[in-house]
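In structure tokens, one chain follows: the form predicted alone.
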Amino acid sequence: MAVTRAFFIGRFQPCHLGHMEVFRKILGEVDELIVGVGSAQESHTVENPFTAGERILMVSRALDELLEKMLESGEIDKMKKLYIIPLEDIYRNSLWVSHVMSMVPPFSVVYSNNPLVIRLFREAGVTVRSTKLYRRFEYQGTEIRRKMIEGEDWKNYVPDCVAEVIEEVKGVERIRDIANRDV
């Protein structure tokens, strides 16, 4: 029986509960999942405060917990193989798909809701599936980062293990420092 391996890319700044619902759907449909950590070269900015390594840690811990829960609940009947790969931007859309394909294991389907990602992979002849967006206005990195800067509750929007990573790397302090402006 052929293995179904899927690809999903995100910046994960930070990995949040919306991502987890997308992962749950994908993992219920495929045997293996490749998670691309996009814009891997970016860090220490308001838009991209976390390093690629920190984001890999967030995604890895969150997916490990999710897979355990899915196994315990019977949503899946066996452990899934995961690959988490940092992908730097190349700033050439016409070459981006071939860049991704050269950096990750082969895959048969891409999951995305990003119109550009969908278009680029479809133009390259790759099957693309969209997923439902889960509480999109709450579960988005921009809003979670704003809450961190403003001192609002942000932990309810990310898995506990992701909040632990953010605290471990002093991520809230970092983004607040970065957001300060020289007056």
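Computed from a predicted structure; not experimentally measured. All residue numbers are counted from 1 along the displayed sequence.
Same protein, other form: the form predicted together with a small molecule, not shown, and the subject of what follows.
Exercise for the section: May I ask whether D89, L116 and K132 each come within 4.5 Å of the small molecule in the predicted complex, counting any non-hydrogen atom? Expected result: Looking in the predicted complex, the three residues D89, L116 and K132 all sit within 4.5 Å of the small molecule (heavy atoms).
Exercise for the section: Using a 4.5 Å heavy atom cut-off, state whether R24 contacts the small molecule in the predicted complex. Expected result: R24: no contact with the small molecule in the predicted complex.
Problem - Close approach of Y83 to the small molecule in the predicted complex, 4.5 Å, heavy atom - result: Output for Y83 is no: heavy atoms all beyond 4.5 Å of the small molecule.
Handout entry: the small molecule contact in the predicted complex: R11, any heavy atom under 4.5 Å
Key = Contact with the small molecule, yes.
Practice task
Although the small molecule is absent from this view, report whether G171 comes within 4.5 Å of it in the predicted complex, heavy atoms only.
Solution key: No, G171 is distant from the partner.
Practice task
Could you work out which of L33, A52, L120, V59 is the residue within 4.5 angstroms of the small molecule in the predicted complex, going by heavy atoms?
Solution key: When the small molecule is considered in the predicted complex, the option within 4.5 Å is L120.
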